[in-house]
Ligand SMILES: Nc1nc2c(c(=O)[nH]1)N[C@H]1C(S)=C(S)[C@@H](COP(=O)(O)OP(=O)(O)OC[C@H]3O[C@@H](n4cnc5c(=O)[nH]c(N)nc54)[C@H](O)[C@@H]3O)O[C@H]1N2
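Quick heads-up: it's one chain on its own, the form predicted on its own, in structure tokens.
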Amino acid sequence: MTSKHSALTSSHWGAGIVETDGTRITAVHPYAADPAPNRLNENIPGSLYGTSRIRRPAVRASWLEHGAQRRAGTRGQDAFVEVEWDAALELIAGEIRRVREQHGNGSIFAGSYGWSSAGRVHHAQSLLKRFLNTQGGFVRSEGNYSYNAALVLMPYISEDYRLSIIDSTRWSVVEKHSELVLAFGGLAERNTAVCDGGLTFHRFPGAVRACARAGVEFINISPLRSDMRADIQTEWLAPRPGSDTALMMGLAFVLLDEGLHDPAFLDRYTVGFDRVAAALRGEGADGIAKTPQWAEAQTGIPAKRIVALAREMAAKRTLITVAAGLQRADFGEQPLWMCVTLAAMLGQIGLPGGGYIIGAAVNGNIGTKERLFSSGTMRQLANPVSDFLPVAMIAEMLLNPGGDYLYNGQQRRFPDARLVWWAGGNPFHHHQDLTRLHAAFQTPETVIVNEIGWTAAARHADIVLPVAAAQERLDFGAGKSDDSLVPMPAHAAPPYQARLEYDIYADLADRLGSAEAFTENRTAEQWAEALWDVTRQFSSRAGVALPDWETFIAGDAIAVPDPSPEQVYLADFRADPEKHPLPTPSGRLELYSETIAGFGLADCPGQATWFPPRDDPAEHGPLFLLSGQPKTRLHSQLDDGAYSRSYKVKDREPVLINPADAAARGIADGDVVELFNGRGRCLAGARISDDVRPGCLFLWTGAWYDPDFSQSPPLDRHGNPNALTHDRRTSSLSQSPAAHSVRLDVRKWTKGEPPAVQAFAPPPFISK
């Protein structure tokens, strides 16, 4: 190792230049080469050294006191006892032995889910799963909260969704060839600030502005105007939430009725259009013709505009995009399927600037870049346990062990999770219906959480392990689809008693007799160098020479070429569908899927189908709740940082309220307001804005959950939308989260001084 290091670091939101005072990190500045840096790095110093940083290992007092009666007390409300590291590790080693011997490894659930670090060595999920695989395995989760419906559905229609992300049409192609971009759910730039594993050069903002300058029309179809930049959107259409499928069907009806569709394309490249056409004409199971007038009744978009828009789509080179958020709602598979159907009717799939993109702008990489070669990664090793859980079903698993459920055409059974271990994520951010999740977290015998700060997840643990942050450990950044490699030296020692997760697992493995299997006789620093050597081997095969480790770690980020800068999605399939068939049963786009139809699912038939949002007796409020990724943080990460807190209103998360809805309730900008329905309540800070459709509220996701359990239902003092959401799934096909379909009301807080936010204060401690 050299003594002179780069000042760089990397996070999922991008690279930064670290400044220290010799002991602590004082600032993280933008990376000068990034064309559109964001401000999320401003959260780092305050989060690393603020009041919420976990100082020492801690054990829930009731769990520690009652021994075998491990469900004593109430997780999320109890006090903790700080202990030494040896004591904490002995407790964990004992629990692993006990659960493994008494119940088997199928009762260990590694719930690790989240975006913990851009580093290739210190990746929380990989390290936890590697360790548990040396102990006989664990039950894992499958899928993700962001675009799970696409992960399950799209292979039946076209191909693996992750491949479509890699193969998506580049925005540079859109700039040259597209005339119209129809963006269902918008193209929210705030989402493109982040990407799995890091995003060194943020190209999306410049790319879409270049498209607009070239004359491409962008129509933002979303209840939120700011889901697309003001300087690129040509028009804002604000349909009723949950009605996008109906709008697509109204457009499709016009194309069919006026002969504007492409029968030759449909005959050669798709199967099942005859059934689609019958349903559009009213010859399907519901007997309803999907006319523009019908679509207007569902969406609120005038029928005349629907007719004119369909004609414009047929007359121009049109790209249809669907934001990931549309699938996180009731029957969220349907807008994805209908998007492909609508694009197929236009006959432009596989042409430059035409076709569709599912999940556009969900991350900053889609349509802007892809990795030329793979990087070395910490292998998770083989998992002897084959059982898994769909990611959005955590509460049901914990509340109903051994219960049956449907998933992807299979009858499955929930595992009996006695030991839950969470690392690198916060289920009390990602998961829906937090009151139910709180109840579910009372059921395991033991919960372990690795964390930096005292999030709600840490407060619901029995054993809490304080871990080092990305800037406090040696690593290198290599995002899954980023076209750069970033040195990540340790800029400061972990404060207090925080430790590297790698070292924690190495110590545990030693106690459990599997040290060599976990470490392979390497330290964390030696792993970093070894994985860099693997990366150099991959790069050499791609014709790119990378420097040795010492040169790299002391240097600058390294950019590598985009392997396909002029890429067009499904171009090869269009050119020759026999030579390049899709991996579907027919080899073609399946507008009707015999396989899905064969599952016999009432909530997901064999073709795109209109279902009105479900009627929930807990949600008879007059307003719709919208929520999304904020620009001030990634999910809930570093919510205690300065940049995130600077946007709060009287310490609470801001909620956007249309002026008409605010006036009807006597709400002024800056008021503390209470959002409520029959399921939950939370406080937020009012921001009056005509960017949000009348009848809708928009509340950012990720405020650390801060419930007052003395009230029923608990009052979240901070503004977390999942205090109000339901725990339904999109359908029994994908079991994806449907929490974006929520009704509620809002009122001004008039009960005296609002309760203080306590999310960033540590829990109570007692001495033992």
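One-based numbering along the sequence shown. Predicted model, so just to flag it, every value in this text is computed and none were measured.
The protein also exists as the form predicted in complex with this ligand; that form is not presented, and the subsequent description refers to it.
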{"query": "Segment assignment from 705-713, 27-35, 718-726, 58-66: heavy atom within 4.5 Å of this ligand in the predicted bound form", "finding": "718-726"}
{"query": "Residue (of 269, 331, 145, 201) lying close to this ligand in the predicted bound form, criterion heavy atoms within 4.5 Å", "finding": "145"}
{"query": "Contact residue in the predicted bound form, chosen from 119, 487, 355, 242 - any heavy atom within 4.5 Å of this ligand", "finding": "242"}
{"query": "Interface membership of residue 137, this ligand in the predicted bound form, 4.5 Å heavy atom rule", "finding": "no"}
{"query": "Residue 634: touches this ligand in the predicted bound form, heavy atom cutoff 4.5 angstroms", "finding": "yes"}
{"query": "4.5 Å heavy atom contact, residue 462 and this ligand in the predicted bound form", "finding": "no"}
{"query": "Residue 218: touches this ligand in the predicted bound form, heavy atom cutoff 4.5 angstroms", "finding": "no"}
{"query": "Residues in 90-127 with any heavy atom within 4.5 Å of this ligand in the predicted bound form", "finding": "113, 114, 115, 116, 117, 122, 124"}
